[in-house]
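In structure tokens, one chain follows: the form predicted on its own.
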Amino acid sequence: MLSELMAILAPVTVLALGALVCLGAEPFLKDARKHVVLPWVGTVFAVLAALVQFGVAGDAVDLHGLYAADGMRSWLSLTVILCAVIGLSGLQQSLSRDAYPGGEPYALTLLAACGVMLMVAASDYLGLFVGLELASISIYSAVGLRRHRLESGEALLKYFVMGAVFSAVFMYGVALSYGASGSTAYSAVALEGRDALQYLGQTLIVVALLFKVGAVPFHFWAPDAYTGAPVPVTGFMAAVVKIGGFTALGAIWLSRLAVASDGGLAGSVIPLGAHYTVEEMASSGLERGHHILIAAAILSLLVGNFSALGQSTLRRLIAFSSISHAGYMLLAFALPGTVQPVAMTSLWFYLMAYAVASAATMTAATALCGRDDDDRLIDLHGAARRHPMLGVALSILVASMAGLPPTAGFLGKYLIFSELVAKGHVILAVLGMLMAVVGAVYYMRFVIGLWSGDGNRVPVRGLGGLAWASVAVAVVVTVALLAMPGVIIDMPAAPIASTAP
């Protein structure tokens, strides 16, 4: 029991302690000192959490069926920790420039990371809900930091109200699923005659998670929330919300695949690197779920990419592009037309590449934005000519988001599209590639603007030491993942026997 606790909860506990230390120290520091001391305190605890995560990574284990640890979950948790450090450094850049009087955003960032790490570790709907709500409440508060701005208050209200509604939808789905199976485990099997009830419950759960990841038609909160949040919060939110939501969707999908493949796996905790073959898709109910997710993927690709083309501010551009990225990730849920193994490794790789690039892009862009995060694209023209190192970093990160070589984003899209072709979905792969071309247009328009013109109209302070370090690490990771993809992908794993009563 102690080893399971250490493997699953020790990194989360270290991050939570860091948040408490930041909260405890905040009242004793002057306003200016808060933005000097607290980001470094949070970073120290984040590094400690990463070291603990490395130390406990090993064999797959689970904790009473609520949470689990395995190799892929460890990589995803490390990505969350890196995004938290990037978010802390961006907040330091933004809040110190604007003389923000409080230090609570640093604690909120760490608490949000704790919640997402619990979502990554969850193997039960109740365990998932705990992490989801911890992350959501922390991010709601971070979105509304600019209390004097009308758009910030509007974003907070819309995001909070709609988030609360879909949290209720999620729990109603859990209640139906429990009534159908007598269990809240991802891999629970419906009792005799209750298959329709379980399918309805799981559909509501998936709908709630599609809202969290910003997939169409549940994307309406994203443009307002992204625009109302401070620039670094937008990047952090885009990264970790996707990690938490898509890890939950992928874990649920793998669990249903496992049960359909081998009924004896009911009640087991399924590692995220597992591979399963399902021969009778129609009778398992997976085919209907597959159609729902693919429809959401196509709509997300179309709405996200074409809406992003006409945006005039960086945050709205990232908001609509995040919707399109949700579409690419949902393509990984396509089922094969013939009997062959199904895995989610392409989704995990894409998710990590996107999260690091999006968080670091917005932290680097924070230095280019004026007071109160003036992020109009026209005001950013020529910024890279005045700060070439920053321009190079941004160009690499944005190229990864666009899916251009030589970056991890390119390999992520390649893995998704090649899997679609292997599964017999050639038309979907072609659609995805065409949408990637559309995405490259608006991403490259941003990059070309950075390097063209006489110079941006907004005074640029340059990145601080912590921000430079975090952005540099993100750039290295973005390139290194392309060079060493085998570290992440092709990690088959055996199921974990559940200890749930």
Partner chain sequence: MIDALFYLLAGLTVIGAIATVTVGNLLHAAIAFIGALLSTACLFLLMGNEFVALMQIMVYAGGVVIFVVYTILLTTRSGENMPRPPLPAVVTALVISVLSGAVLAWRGAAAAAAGDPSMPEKLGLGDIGRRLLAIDGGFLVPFELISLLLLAALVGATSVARNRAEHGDEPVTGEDAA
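Please read all numbers here as calculations on a predicted model, not as lab measurements. Positions refer to the first chain, counted from 1.
Absent from the display: the form predicted together with its partner chain. The rest refers to it.
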Contact residue in the predicted complex, chosen from Leu118, Ala188, Ala258, Ala208 - any heavy atom within 4.5 Å of its partner chain: Leu118
Its partner chain: the contacting residue among Ile294, Leu377, Met171, Ile137 in the predicted complex [heavy atom, 4.5 Å]: Ile137
4.5 Å heavy atom contact, Tyr100 and its partner chain in the predicted complex: yes
Touches its partner chain in the predicted complex: Ala50 (any heavy atom, 4.5 Å): no
His64: touches its partner chain in the predicted complex, heavy atom cutoff 4.5 angstroms: yes
Contact flag, Leu481 vs its partner chain in the predicted complex, heavy atom cut 4.5 Å: no
Interface segment, criterion being heavy atoms within 4.5 Å of its partner chain in the predicted complex, picked from 139-147, 248-256, 358-366, 324-332: 139-147
Its partner chain in the predicted complex: contacted by all of Thr313, Leu317 and Asp373, heavy atom 4.5 Å: no
Any residue of 11-46 that, in the predicted complex, places a heavy atom within 4.5 Å of its partner chain: Ala16, Leu20, Leu23
